[in-house]
Ligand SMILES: Nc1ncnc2c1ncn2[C@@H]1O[C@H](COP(=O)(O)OP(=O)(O)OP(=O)(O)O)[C@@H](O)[C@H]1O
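First comes one chain, alone, set out as structure tokens in the form predicted on its own.
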Amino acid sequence: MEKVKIENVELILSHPDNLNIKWTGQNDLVRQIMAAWHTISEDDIPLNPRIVGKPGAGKTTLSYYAAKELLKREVYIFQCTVDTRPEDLIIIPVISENNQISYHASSLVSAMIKGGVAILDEGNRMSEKTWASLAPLLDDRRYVESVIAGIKIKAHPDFRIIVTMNDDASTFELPEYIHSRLQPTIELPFPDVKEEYDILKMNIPFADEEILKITVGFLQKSHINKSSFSVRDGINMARYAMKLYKSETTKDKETAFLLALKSVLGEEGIKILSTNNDEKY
């Protein structure tokens, strides 16, 4: 466990996330993130981009790839929920075996101290009260305050932050003073046919070509019909279809895909599959 002292308070830092994540396609979005993080002079500060898109579109993957592979920084992912409290984002007191209190820095604060990149995943699931604790971090002050530990923590100059947000109804509206601090807004659309195929191929290189093409065709049809089915759903379907086919649960690939589709996405998936569209995909 790595420890640091700030204002005579010892903090135990979180470990960075080391994930086997790859990214392909939509390079313009990567360039937008890198531009937001870029500083032009000593007087400049990085921006705090937010990535908005449907669940499963690849927001976290895109953010991690930009931070780890291009910026070459350690990445710390914080999963936001409706139950996330201000102290969860900053410092959590833990009582040890000898009844001593130790202070554990969150993944966000650990990234601040180490000069890494913090990804606040599904940020618009948090309440306004929780977001309020981050207001000074997201402007030119670049610090957070811990009421529990009684200290102020300044962000390392190399610290960067990015927030992913789902474009759905199960989230909070951001207060305007936070919204104005999370800029630019980068929208992540569903990929086109080639990009979707490349993503599936990259994630499941062992998948059969026919199953990959059937899966991509279904995903493109779902996008045309404004469904929320995503690349993540496609990866799960194609992977399960391959398992069904290779284990000889079914004798042909199309039947394997249909069974995987029904098992993964249910009746809504079957309904999309049976929809007639004039558009090509």
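Throughout, we count residues from 1 along the sequence that is shown. Worth saying up front: this structure is predicted, and the values here are computed from it rather than measured.
Heads up, the form predicted together with the named molecule isn't pictured, but that's what we're talking about next.
Here the chain stands alone, but in the predicted complex its contact with the named molecule, taken as any heavy atom within 4.5 Å, falls in 195 to 203 among 139 to 147, 195 to 203, 68 to 76, 179 to 187. The three marked residues, 22, 60 and 122, each reach the named molecule in the predicted complex, with a heavy atom inside 4.5 Å. Scanning 214, 242, 36, 235 against the named molecule in the predicted complex with a 4.5 Å heavy atom cut-off leaves one residue, 235. Only one of the listed residues (166, 84, 133, 110) places a non-hydrogen atom within 4.5 angstroms of the named molecule in the predicted complex, and that residue is 166. The named molecule is not shown here, but in the predicted complex it comes within 4.5 Å of a heavy atom of residue 55. Although the partner is absent here, residue 231 sits close enough that one of its heavy atoms falls within 4.5 Å of the named molecule in the predicted complex.
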